[in-house]
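Take a look at this single chain, the form predicted on its own, given in structure tokens.
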Amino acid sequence: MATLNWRTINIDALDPESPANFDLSTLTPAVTPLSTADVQSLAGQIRQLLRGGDSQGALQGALENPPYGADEKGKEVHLATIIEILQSIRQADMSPILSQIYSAPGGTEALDVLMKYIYKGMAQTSGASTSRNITPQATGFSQIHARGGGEGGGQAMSVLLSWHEKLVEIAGPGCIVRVMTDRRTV
């Protein structure tokens, strides 16, 4: 008779109530697929609003229609559009625009989408610095050999940090938590 080691039996596989048997795809909301051409068309309409001087309308239009179902190219196009809008708005106009968007119907969701784009923009601008030569030190800290970089990412990061500050001021810290726990990516 073959002996079976009872310690190797995965009892979670036998229990239908076990979290191991939970379908994770049910946690992700359904999104409609978008083509890159659709995203580029939307970006053109938003840029037209921006050229017309309606920066709040451009920002609100971009935030109300995030391309969750687009491919990576489409998402990058929309990110570039939103960063262009954010860079075109003066710092004195940030709080009034955010307050008006927040008080509008669906304002909380729009500001959550803005926070997603701010974080994605921060990740993109800091992505240039990760390709540098980094060596670990005996102290546990890493040293970056090339200082500066000079790619203009500092100005974009400054704008994004200013928007982040104002956004947390208006929407509160719950905005950060909602963005970190949302499975839909921009």
Partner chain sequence: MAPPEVHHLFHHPIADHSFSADRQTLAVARENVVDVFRRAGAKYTLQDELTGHDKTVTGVDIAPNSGKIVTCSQDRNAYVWEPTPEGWKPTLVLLRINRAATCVRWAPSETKFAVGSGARLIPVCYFEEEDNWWVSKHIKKPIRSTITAVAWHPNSVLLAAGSTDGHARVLSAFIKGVDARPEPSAWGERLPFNTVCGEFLNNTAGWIHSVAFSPSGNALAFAAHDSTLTVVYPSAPEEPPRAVLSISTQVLPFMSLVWSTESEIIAAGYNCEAYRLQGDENGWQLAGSLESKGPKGVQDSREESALNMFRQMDLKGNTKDDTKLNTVHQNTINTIRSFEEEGGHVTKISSSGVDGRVVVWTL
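Numbering follows the first chain given and starts at 1. Bear in mind that the values here come from a model prediction, so they are computed numbers and not experimental data. Basically, rigid core = biggest C-alpha set you can superpose within 1.5 Å across the two forms.
Just so it is clear, the following notes concern the form predicted in complex with the partner chain, a form of the same protein that is not shown.
Enquirer: Tell me whether 108, 173 and 177, taken together, all sit within 4.5 Å of the partner chain in the predicted bound form, counting heavy atoms only.
Expert: Result yes, every residue of the spot touches the partner chain.
Enquirer: Is residue 181 close to the partner chain in the predicted bound form, meaning a heavy atom pair under 4.5 Å apart or at it?
Expert: Output for residue 181 is yes: heavy atoms within 4.5 Å of the partner chain.
Enquirer: Taking the partner chain as it sits in the predicted bound form, is residue 29 in contact with it (heavy atom to heavy atom, 4.5 Å or less)?
Expert: Because a heavy atom of residue 29 falls inside 4.5 Å of the partner chain in the predicted bound form, the answer is yes.
Enquirer: Might residue 18 be said to contact the partner chain in the predicted bound form, defining contact as any heavy atom within 4.5 Å?
Expert: Close contact exists here: in the predicted bound form, residue 18 approaches the partner chain to within 4.5 Å, heavy atoms only.
Enquirer: Residue 177: after superposing the rigid core, is there a C-alpha shift of 2 Å or more between this form and the one not shown?
Expert: After core superposition, the C-alpha of residue 177 moves less than 2 Å between this form and the one not shown.
Enquirer: Note yes or no: does the Cα of residue 165 move by 2 Å or more between this form and the one not shown after the core is superposed?
Expert: No; that C-alpha moves by less than 2 Å between this form and the one not shown.
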